[in-house]
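Coming up is one lone chain in structure tokens, specifically the form predicted alone.
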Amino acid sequence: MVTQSMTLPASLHVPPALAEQLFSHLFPGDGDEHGAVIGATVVETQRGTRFLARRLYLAKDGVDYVPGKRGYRMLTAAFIRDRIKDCEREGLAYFAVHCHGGTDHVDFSRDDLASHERGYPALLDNLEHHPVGGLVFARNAAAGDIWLQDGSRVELNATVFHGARRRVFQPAPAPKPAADPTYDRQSRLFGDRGQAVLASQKVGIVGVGGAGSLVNEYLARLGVGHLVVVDPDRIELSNVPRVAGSHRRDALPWLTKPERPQFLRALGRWLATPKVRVAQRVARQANPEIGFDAIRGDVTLDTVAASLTDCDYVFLAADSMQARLVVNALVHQYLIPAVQVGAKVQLDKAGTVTDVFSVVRPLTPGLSCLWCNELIKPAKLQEEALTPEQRRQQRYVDDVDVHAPSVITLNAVAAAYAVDNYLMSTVGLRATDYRERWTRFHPLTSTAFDRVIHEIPRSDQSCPECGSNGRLSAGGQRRLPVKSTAGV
């Protein structure tokens, strides 16, 4: 249930398909004014209130959006009544939307604000628990006037359109930030504004083993402002060749080497440095000012997953199917773009290498989904849910204690490409018609044509995860697929 007040700043987040419908409707090329209504889920986070656009109702010109009695155009009473009922039924905030002329600046007219004064108190009574408001768009700008149940009003700080190229709309362009000489060479590529965007970002990393540890270092050196790093494991001696920033002393080899008694080896493994602490050390060395949440835990636990719900982006660098399940749900449910990154060496039963590849799969809210592309296996989820003893008793299950081959260079290919993907999207360097692809790199393949394979991810609008009637923009209205820590 939405509270009487909100945590500021407030932002509206719009998934790609809904954004495309909205812009086609508001700006068809006729230069006229058009209207719509957005129903949005409300998510309160430590960094502010996020409105997640879940429903879009386009007002038909001359039927639902007609000449106004005091202003130029208005939504009809019947259209507003039906949409308020929809929002009340689904537990959504209500936003009336229209467009103005112009490009980079926009604001409400005097008539607009007067109509809010006349109409929004009654709409608040009808909605009972949720905010109502108005949004006005120009081609590259947006402003919002939000009314709360306690009678207060707040302005919308930003409207974020997700997709292969992230776009952020405000009422006017933000003032040019001060240049930071530390990042002079890279900000020559994407500008001081781009560097300021990176400094404002909060990015999650799930898994800081081979690939994730490199992602952690790259992001810290780029100047990302805040990292949330999740991993349950401690450093082992076999991790040192590929976990960036780890030292042999982190694995306590004088206690854990094979000739030591079992109880000493167990003590050494218990005292070894957690991977998240290594990641924190690396990030702070690169950027002493960085915010860093080192969470030694499993992303499949509710409290750990909740720590990622106000991130701007998430890197999935963990191998388990359950981690895929949780991060895929976060992407669509909370409109947080992500990328799955990793490398794999496949062997046959004789131990012969059959394939080597690195993989980068961007996950865009409502567009690219691990469920739609059959990359979450129900059988594997069931297998991972077994206890170690149950796994030992079921001989058909692979022995999870036998680790697969892993090499830092394979991880580096995937990590660099994934961070590059995040960087270009976030600072807005991509072309407007850029189309996202999933990519696999096969270094052993004989022909150059097959060494880099691009895939177009499939999308099913009826999918219960990424579909409009599934998790998409549901926020806290749906429970994430996590295990409860209540009572633990």
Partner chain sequence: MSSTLEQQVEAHGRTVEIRVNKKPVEVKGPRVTGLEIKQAAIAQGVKIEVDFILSEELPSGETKVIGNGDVVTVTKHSKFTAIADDDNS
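Residue numbers count along the first chain shown, from 1. These numbers come from a predicted model, not from an experiment.
What comes next is about the form predicted together with the partner chain, which is not displayed.
Between the options P337, P131, G144, G342, the residue in contact with the partner chain in the predicted bound form by a heavy atom within 4.5 angstroms is G342. Exactly one listed residue, out of E289, D348, D125, E117, brings a non-hydrogen atom to within 4.5 Å of the partner chain in the predicted bound form: D348. Residue contact check for V63: none of its heavy atoms lie within 4.5 Å of the partner chain in the predicted bound form. When contacts are judged by a 4.5 Å heavy atom cut-off, L375 counts as touching the partner chain in the predicted bound form. Among heavy atoms of H332, none comes within 4.5 Å of the partner chain in the predicted bound form. Using a 4.5 Å cutoff between non-hydrogen atoms, P177 does not count as a contact of the partner chain in the predicted bound form. Stretch-level contact check against the partner chain in the predicted bound form with heavy atoms at 4.5 Å: of 133-141, 76-84, 298-306, 356-364, the positive one is 356-364.
Along 407-427, one residue reaches a heavy atom to within 4.5 Å of the partner chain in the predicted bound form: N411.
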